[in-house]
Structure formats: C-alpha cells, structure tokens
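One chain is shown next in structure tokens, namely the form predicted on its own.
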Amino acid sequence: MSESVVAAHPEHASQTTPSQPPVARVLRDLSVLTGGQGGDGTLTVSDLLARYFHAQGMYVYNSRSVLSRIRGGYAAASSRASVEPTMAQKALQDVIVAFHQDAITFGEKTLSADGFILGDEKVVTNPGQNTVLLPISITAASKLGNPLYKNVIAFGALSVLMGMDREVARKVVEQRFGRRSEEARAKNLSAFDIGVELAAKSPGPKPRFSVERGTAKDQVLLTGNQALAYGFVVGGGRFFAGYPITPATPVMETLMKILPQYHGVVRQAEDELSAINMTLGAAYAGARAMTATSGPGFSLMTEALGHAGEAEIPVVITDCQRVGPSTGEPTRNEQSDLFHAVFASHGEFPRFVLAPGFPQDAYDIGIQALNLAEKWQLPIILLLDQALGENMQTTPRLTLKGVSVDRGKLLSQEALDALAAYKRYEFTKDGVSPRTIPGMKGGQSQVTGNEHDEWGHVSVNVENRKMMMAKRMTRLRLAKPDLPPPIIWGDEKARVGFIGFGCTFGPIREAQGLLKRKGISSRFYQARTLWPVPIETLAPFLSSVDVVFVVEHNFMGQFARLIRSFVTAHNIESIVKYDGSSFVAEEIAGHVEQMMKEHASYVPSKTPIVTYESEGGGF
C-alpha cells in the first residue's frame, strides 16, 4: 500500500467476509493520469478533476505532457490532489484514464500497487487485471453523435469509481461548459450521466476508493503565466506586445481579456522583432511595457535587448523557457536559457534576471519588475519555464496589499522646468539619469543605439566611453538591495542545503519532507534574483551547510556554474534533469541519499571554505 493511502477503518480490514463489501480506502494524496492521442480531450478530463478537487478544498497541481500538434501523437495530463499543500507532480499514479493503448504502455509503470486503469474498450487492446473497461467512445458516438464527448463520459465514470460527491461533480461539468451553447451544455451533462450509468453497471467494487476533503477553501487555481499577467496589470503595466509561441502565449491571452478594462493595449505583432521594438517604443513613450516569448523568440529579440541597454529604456521581457536549442521541444520543460538571459547580446550592459518559483511569486515579482525597470532604467528579464508557466496549482487569492508604484527619476513638468539644462544621460552618482516623456516642454533628447554623451549625441570619445560604461554598469552593484531577496525554507540548523529557482521549487520542498521523514534535515535557498549573482546572501548560505545540491533543468548545471564563477566553494553538487520532464520529489531525495552514502565527507563535520569578492563579484 502506498504512503498516500490509508484504510477508512483499518481495525476492520482483516474482518471482511464475502457477505461484507470491502470498506473503500480513503486517499489523502492522489494523482490521476489521463492519456490518449492529441485531440482526445485529455486536458478536459484533467481540468474537470482539478475543478472538482478544488471545490472539495484540496490542494491541486495539474501538469501536462503534450506534443506541439493539434491532433495525434501521445498526449497526457495529470491532476494531483492533496490535503497538504503541493506544487509538484506525484511519482506514482492512483488512476490512469486510457483513451489509447499508449496511455497504458507509457503510464502503467507509474501506476501504484493499489491503483486501477479506466480504459476505453474500443482502443485498449491489452487490459490488465486492474483495468475497468467501458465502451466510452462507442457510447459517445451512438448516444451523443460525437465521440469527443468521451472525455466527460470518463469523468462521470470516475465520479463513481473514485467515490466523488455526485452533485458537486455534475455541477463542475455545468460550470465548465456554462458559456457554451445550450445544446453543448446539455450534451455534456448527458455525457456525465452516461458515464455514471456505465460505471455503475461495471464489475468490481464501487467505489474503488474515496477522497478525503481538504481545507484549502478560499484559494484559486492559477498558472504562473496567468499570475504574471495579473501582476503586470496591478503593477501599472499598460502596454504589451507579443507573438504567439509556446509556452508563453497564455500571458498574452490573459492580458487580452483583462488589460483593455484598465485602458491598456495588447498588440499581437507579426514577429518577435516587432514585438520587442513595439515594447521599447511604448516604454520610451512613458508606458509600463512588457513582452513575453520563449527561447526561439528571445533569440530574435537579442539585438533590441542590447538597444534597451544602450539607450537605458526600462522594459520587461519574459522568457517562458522550453527545451532548446532551435525549435527544440516546444511543449516540454527546461531551464536552459539562463546563460542566454545573463549574457545575451553583443557588448556589455546591465540587466536584472529574476525568477519566480510559484504563481504567487510570479504575481509579486511581476509587479516588482516594473518598478525595478523604471527606477534603474534598464531591461528586466523574467525567467519562467513551461512547468511554472502552464501547470495549474492552488494559490492564495491575489491581493493589492503592499502594492506600490515607483517610477524612479521620471520628471514632472515642474521638475523639468527647474533644471538649468536637461541631459537625458547625465552622469550621476547612482548611474541613473533623469527621464522625461516625449512631448514635454524642454525635455527633448536623442535616443540612439550608438554610444553617446550626456545629451544623447553620438560619441567615440575615449573618456566619455569609460564614464558611460561605468555609469551603466555601476547599477548592477548599487541596485542589489532593491532586488528580490531569496527565501530560505526548512531547518535553519540543517547541514544539508538545496539551491534552486523556478519550477524546481515544488519538487525541492516536497523532497525536503521526504528526507526529513528519514532523519535528514535540510535548508533550501530559493533564488529569485539570478543576475547579478546574489553572492552577499549565497556565500553565507553556502558557509552554513556541509553540502549544497543545486537543482536545475539543464545539462550543464548553469546556475551552479554561475555561482562558482563568483564564489569559491567546495561543497556544491549539481542535480540536473534535461529530458523535458519535470523533477519529482523522489528523484531529488534519492539523489541526495545516494550521494551521502557514497561520500562520507558529506556527513556534518566542519564548515567548508567559502570565499568571494567583497565588492560584489567584480561589479
């Protein structure tokens, strides 16, 4: 029996007789995998389950594994529900819904010992003993005129087999399809009822198990992309330009729905070059502006990124990472754009690279990024990833508490009139010059991608070049107190440490729990600022533990390498994954246990040597 399963009345478990039906098991943490071919409606089943579990007060984490095509090819989605907060996939599945034999072929090895498979008898050719076969697609076609209704029929069947509250489950279907035509709504409700009837007549125990209710009532289901879009609006963002690209498109789609309500503008550009240049133009004109893309689009934006750095234009660029290089795997998860974000574009100029770890974090950092861009007049790069961006999870309700707007040295007309002369790129102690909105009287300036003097005039003067470079680059050092600080999770006295960013947050937090149950306490440094490398907080953290595992989704261990380039530490180990799938907690915990067994020196002994440059890594 898996750890997540307990008997409702274990004291009676051994007393069951043939005349007494077995008591249904109660699950406190479960996962349902739905698999089939693209177009089978796997995401619909997962979405309906998430809505049901959310209505029952459980914490939800929905993930997807689909191909970059409209129809065909294996597509899967999982819906995890737990009475405890969770932000990661579960290693084992308690139920597999198979709309195709591939769902069993690929997923059966992850089925828990107590789990079962709900299969469509038309396509499942090799059922096992733990399979419930129902004529799902055949019945959808014969009774509803379209086999696509099989997804809701499957959900209806699950409501019986999983001991769901039938009334709540049916209401979920009604709400999910409430905005469709009356015919579509009625047919989907009929599909649910058909699924209930089919499952009720199937052989075997019903329900196979039941699901415990949770207490996460006053929360919402959000993806990181959606939360970022809300943060952009709340932070005063009023212009967005983008070009559709997986997995960043939902940022634009969300803003299309809400930004016009706040007198904002969303433009779908003809390509990524146009998108970022529109965004630069809007930012120069005084709007808080952002664009969002993924790796291939970010590559195209590189020249304009350099222009923003040279011209000191405040702009936010979101890179929702996916597997690369080139087209790579558009729908799979990776964190391999870090080096590109830090070093993109020829020449040198300051930029901040920030990385939220969960939807609430994406909302908060999305707001903060707008303030940082305008206060320090440079480009901000937000690194999300496919898992954080597209996977839906339970999130506290977003609020306006603590929200503030800092427009930096944006001059009013009165302040501009008080100046003897306006120099757009004036040399200042903090490296930030006064800024105006075009059209203000006396605020004229030249904006160019060439090196320039204080007035904006093109210049190749040697002394001017040195002063301008120092003016821009000094911001990397002076701005550090303003950047999002790390969050340290876990036991403050632990001698085992983790470092991670983005979507590794959930798996690391869960791995900490697994390790704790085995007597291994740990601390987790959740990095939210990746560049400039936050050595002022990283070095003390590294010194406080005997070994640090840097967990990231790329081949080279990019963040670990960045850390090593500024901090001399002898206790850093990398845990990397680059197959397109996300970490599960067991992988991380297992790696830690294995490493600690193989290397006795990792047992708490003495503090390792950690040194770094006191001037902030050379900045």
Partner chain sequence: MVEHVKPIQPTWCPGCGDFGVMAAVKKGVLELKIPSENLVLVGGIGCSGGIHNFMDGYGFHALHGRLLPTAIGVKLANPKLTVVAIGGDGDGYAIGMGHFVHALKKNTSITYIVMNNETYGLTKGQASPTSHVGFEGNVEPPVDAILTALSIPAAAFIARGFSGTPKEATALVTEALRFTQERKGFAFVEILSPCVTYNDTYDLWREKVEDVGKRPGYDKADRGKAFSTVLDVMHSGKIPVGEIYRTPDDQLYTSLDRTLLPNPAEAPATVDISVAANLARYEKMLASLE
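Positions refer to the first chain, counted from 1. In this text the structure is predicted, and so the values were computed from the model without any measurement.
If you look for the form predicted in complex with its partner chain, you will not find it shown, but the lines that follow are about it.
Engineer: Which one, Gly408, Gly513, Gly145, Gly442, lies within 4.5 Å of its partner chain in the predicted bound form by heavy atoms?
Structural biologist: When its partner chain is considered in the predicted bound form, the option within 4.5 Å is Gly442.
Engineer: Find the only residue in Arg267, Arg523, Lys206, Arg170 having a heavy atom within 4.5 Å of its partner chain in the predicted bound form.
Structural biologist: Going through each option in turn, the one that passes is Arg267.
Engineer: Quick check for you: of 354-362, 94-102, 78-86, 307-315, which stretch puts a non-hydrogen atom within 4.5 Å of its partner chain in the predicted bound form?
Structural biologist: This holds for exactly one stretch, 307-315.
Engineer: Any chance Tyr284 has a heavy atom within 4.5 Å of its partner chain in the predicted bound form?
Structural biologist: Flag for Tyr284 set to yes.
Engineer: Would Ser544 count as touching its partner chain in the predicted bound form under a 4.5 Å heavy atom rule?
Structural biologist: Answer no; every heavy atom of Ser544 is more than 4.5 Å from its partner chain in the predicted bound form.
Engineer: For Phe427, is any heavy atom within 4.5 Å of its partner chain in the predicted bound form, or not?
Structural biologist: No, no contact at 4.5 Å.
Engineer: Is Trp489 one of the residues lying within 4.5 Å of its partner chain in the predicted bound form, judged by heavy atom distances?
Structural biologist: No, Trp489 is distant from the partner.
Engineer: With its partner chain taken in the predicted bound form, which residues across 247-265 come within 4.5 angstroms through any non-hydrogen atom?
Structural biologist: Going through 247-265 in order - heavy atoms within 4.5 Å of its partner chain in the predicted bound form - the hits are Thr249, Glu253, Ile258, Gln261, Tyr262, His263, Gly264, Val265.
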